[in-house]
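First, one chain by itself: the form predicted alone, in structure tokens.
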């Protein structure tokens, strides 16, 4: 059957861009990158709320093959990350491969022709290979609170910020104290007449070593790239130690987690002298059960007279107020939802219905039978299909290390299929099942297996109680594995 493109990539965020870059490196030119947005950048294009910034050191937050000497701060603001995405699209000549403003609604594998029929809001696209590169932080999640649809004021989600709405002088409520809430709350407080922050679960917060990177240092990075490579290596190793050694290998080094918690508690104690308030802001779960973050401004915000931390459960929302379990009603003008994203649920992973062999929809299958993959990217149920950021992928110091590993794995498979002139490429069941079993077994030694994590309300966990969001291996190992896995784990049909 005639195909429209050899490869269809869904998603023009950093994952999709990296796949495109790797495809071009391998000599694959007949590919298209689809995205519903009007530009590249993915989550960094959508998230423009006040205070948005990376939450790991900037030197680590970029492709290893394309270090960015232009970061102006040690924790880059969101606008600079979006500019970096635009730069990469231009430098690696991906513009001609982009088809923006195109939403993928469904993809169905044609078993007779060994092609994917990708249904979009602009018609069908037929491809030999399909790569889902939509990040997990893509679909905003609204809280399931009675009466929220009746609220007569303004409702805005942090992932879809309305810059035309003025908060100055308003009574504002923020629901959510995760990574987004931690950044936006200190920005809102000085302009609002009053701010209520509704906290379900506290967050572990590190002190943030945030500073402006001098022009001279940026010039040095441009002139002598090895200097920036060294800086990247230092921040990457430090992040790996905290996020991998402490969380993934918790059973071996529990003292590292305890030491990290002591640093966070000391940070809270220095910034919040009020013992009662400090107790409310202290997590009751182990460090690593939930995504931590960095901030020097979050805790002091709650010391303001015009800010109230509310820990009572929300009972309902009325036209003009939020009512908590204690019966108190707090009137507001604007409701800000810092409630994160849909992750491990149908419609989020994959981000669109993927119908494979025998008419099985991958997301529904995973939801029923537990999440499972081969190396985080492939399923025996879906030939010629790979999923970036799938089950058991998140690990390491930076999202970019995950992206690069996934891209390397996928493009190796595409290149091998082309070399063999294969029309169907699918991972074999035994290596798939072996990988999934090993991941589940290794999870037993992580912090995520500790009883305290049950109190964390973390998006790392699914409805089965598994934590397939995380891959219990180091980022360094995963990158090496992407270059060395046995291609015979796949079946290539000519």
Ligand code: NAP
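Residue numbers count along the first chain shown, from 1. Here the structure is a predicted model, which is why all the values come from computation and not from measurement.
As for the form predicted together with the named molecule, it is not shown, yet the points below apply to it.
Undergrad: Using a 4.5 angstroms cut-off on non-hydrogen atoms, would residue 353 count as touching the named molecule in the predicted bound form?
TA: Outside the cut-off, so no.
Undergrad: Test of understanding: in the predicted bound form, would residue 457 fall inside 4.5 Å of the named molecule by heavy atoms?
TA: Heavy-atom contact with the named molecule at 4.5 Å: present for residue 457.
Undergrad: Using a 4.5 angstroms cut-off on non-hydrogen atoms, would residue 31 count as touching the named molecule in the predicted bound form?
TA: Looking in the predicted bound form, residue contacts with the named molecule do not include residue 31, since no heavy atom lies within 4.5 Å.
Undergrad: At the 4.5 Å heavy atom threshold, is residue 66 in contact with the named molecule in the predicted bound form?
TA: Residue 66: no contact with the named molecule in the predicted bound form.
Undergrad: Please tell me which of 246, 178, 391, 286 lies within 4.5 Å of the named molecule in the predicted bound form, judged by heavy atoms.
TA: Selected option: 178.
Undergrad: Though the named molecule is not shown, can you say which of 380, 340, 186, 135 has a heavy atom within 4.5 Å of it in the predicted bound form?
TA: By the 4.5 Å criterion, the partner-contacting residue is 340.
Undergrad: For the chain shown here without its partner, which stretch in 193-201, 320-328, 417-425, 275-283 has non-hydrogen atoms within 4.5 angstroms of the named molecule in the predicted bound form?
TA: In the other structure, the partner sits against 193-201.
Undergrad: Counting only heavy atoms, which residues in 47-66 are within 4.5 Å of the named molecule in the predicted bound form?
TA: The stretch 47-66, when checked against the named molecule in the predicted bound form, contributes 49, 53, 54, 55 at the 4.5 Å heavy-atom cut-off.
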